[in-house]
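In the form predicted on its own, a lone chain appears below as structure tokens.
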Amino acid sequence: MSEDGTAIAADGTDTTFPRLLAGHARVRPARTAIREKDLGIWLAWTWSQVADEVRAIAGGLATLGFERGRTVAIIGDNRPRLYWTMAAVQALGGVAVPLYQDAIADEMLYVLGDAEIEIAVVEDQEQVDKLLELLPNYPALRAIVFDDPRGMRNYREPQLLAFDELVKRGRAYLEAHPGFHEAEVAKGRPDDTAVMLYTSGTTGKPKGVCQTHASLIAAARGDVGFDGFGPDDEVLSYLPMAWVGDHLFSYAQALVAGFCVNCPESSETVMTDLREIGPTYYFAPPRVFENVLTQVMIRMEDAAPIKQRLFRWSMAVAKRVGAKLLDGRASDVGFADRVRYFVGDLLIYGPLRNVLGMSRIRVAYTGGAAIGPDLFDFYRSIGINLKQLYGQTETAVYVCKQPSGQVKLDTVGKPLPGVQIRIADSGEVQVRSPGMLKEYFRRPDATAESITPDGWFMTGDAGFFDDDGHLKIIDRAKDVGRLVDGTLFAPQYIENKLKFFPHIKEAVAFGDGRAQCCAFVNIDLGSVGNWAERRGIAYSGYADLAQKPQVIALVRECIEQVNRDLAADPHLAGSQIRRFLVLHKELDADDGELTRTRKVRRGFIADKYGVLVEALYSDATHREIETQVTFEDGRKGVLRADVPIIDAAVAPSVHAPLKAA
């Protein structure tokens, strides 16, 4: 779209990301394209300035001998220069490979080698140190460009190059080679690989998912059209750049719609920066929404009694009618309730949205995991149009979304424009999407295993369509199993129901091929810690708090509520949780227990804590264990604990459990 809101013509000049950038620089040169908060001040760049920076970076990469078809690693928090580097790499016909900034050195080593990285562009000293540590094992890395010079004064390694120096060299190169950048952009083709995003590696080594300009632009256009995004919208870019969602929402959609991307100062300031920017479009995984709500409830517990009563009254009104009003069903709400909601909006909901930084949000999405009903209802009841979406790295997160006014708690929405979905005989969801991957990088075997001969991507998820055409996902297809008596066992479904409680951060369910369902639980240290402090329960840290009898009783209440919910489901009534334990340590990606996208590595955990799993399925009431842990500074240590094994009450089923035939 141009300055006056008219669309940029799709005449073949906008088929790659560098061409889209050139189009925005041409039709809206003075509009803000990206902001970054630095030292408390928001800095801004227009589309013409972004295009100029990208040209200079591309010239700088050319001086390093970067060639078409090669890869560049990009590592760091969300920073304008890292996004610009992505565009510069693509302008030269290369492939950007963002890595998770919190990955440890060994994890980076695998991706660097697999993607054949020779040049890395990183944010700061922390990332430089990781790469320098890897150089003896990966000498192919010949250049490390760093953005933030703090702490780098005494570094003398020949591979290092300051970003400012790269840009300076690039401008000189462009002066000496007029027309170079434009010629390189013109060589780009829609089916060129634009970015390589690595899978989470839940069940094995991560795979490089090759997404083309065409697939990502098609997904971005479909999303932009679905929700009506345009150049007046704004997003806060805070999710990892290596995650496909950030690449779609903060990069591809911004280049398609022309809206402004805002980069927070740090991960610690995200909520403050969110309030200052007030984005119109927002995505967060359920855990972020849960953390925000937990903080709200903690603050309300500290409020004066009159404020607490007003809050409870207002939220009761909101829960009764808020979602109906949000969905445009005012006719279903009586006049008195409309007045009550108006008063609640004036005194509670409006100020609360403002405090959360969500006063301008038109559309908010969540995905990646199931969201609890109370959490979902809370946000929608106070006027935030929170919806769910569904997709994978391999489909550019472009499969299903919930249309406004057609939002359901237990579905992920309807197929997006251009998407086809079929349910295989096994119950697996299979997809044809404009956002389909080109291939797994140099893994024809994995590509053939994931795409059927007739072109359907096998998601690995089990699900079905409801009567309204909404897709419902129940679990990973490979994880759906049976207890020994034939009862259906869907571990992720059970785990998600446990994580709906603010006191439970992670859960791991076991039961396939066994006589009963059992579970590990991680408590949420912030939520349970606040709960304990208010009751005068002293504790020295996570391990101590997790084993307190009062905390175990609190977790048992949550588990028994889940059992009552499962009892109402004829498919899952027989897979109620019979025994559980509260783990003595938090599951951690650095210890291999979670992926970098915080997905539970269930098989790894079952092996690592095999002694605890077997204790759950014995008559033991406790079990001693020693566990190696990784500290924040990378040091290793050993944690010893005596973990109690707890029985949970099972609710009577209202149905006869469905068993295998």
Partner chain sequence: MTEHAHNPGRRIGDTLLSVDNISLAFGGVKALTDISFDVRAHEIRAIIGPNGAGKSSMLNCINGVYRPQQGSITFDGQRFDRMDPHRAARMGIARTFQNIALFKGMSVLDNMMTGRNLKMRTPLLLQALYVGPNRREEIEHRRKVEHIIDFLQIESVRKTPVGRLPYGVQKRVELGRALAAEPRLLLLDEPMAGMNLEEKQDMCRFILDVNDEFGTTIVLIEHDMGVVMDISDRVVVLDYGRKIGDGTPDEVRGNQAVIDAYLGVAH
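Residue numbers count along the first chain shown, from 1. Bear in mind that the values here come from a model prediction, so they are computed numbers and not experimental data.
Separately, the form predicted together with the partner chain exists; it is not shown, and the next lines address it.
Q: Is Y155 a contact residue for the partner chain in the model of the complex, using a 4.5 Å heavy atom cut-off?
A: Y155: yes, in contact with the partner chain in the model of the complex.
Q: Is there a non-hydrogen atom of E268 within 4.5 angstroms of a non-hydrogen atom of the partner chain in the model of the complex?
A: So E268 counts as contacting the partner chain.
Q: Using a 4.5 Å heavy atom cut-off, state whether G40 contacts the partner chain in the model of the complex.
A: Residue-level check for G40: yes, a contact with the partner chain.
Q: So in the model of the complex, is the partner chain close enough to V288 to count as touching (4.5 Å, heavy atoms)?
A: The answer is no: V288 has no heavy atom within 4.5 Å of the partner chain.
Q: Just one of 410-418, 246-254, 546-554, 145-153 has heavy atoms within 4.5 Å of the partner chain in the model of the complex; which?
A: Of the options given, it is 145-153.
Q: So which of A162, A105, L132, A330 reaches within 4.5 angstroms of the partner chain in the model of the complex, heavy atom to heavy atom?
A: Answer to the contact question: L132.
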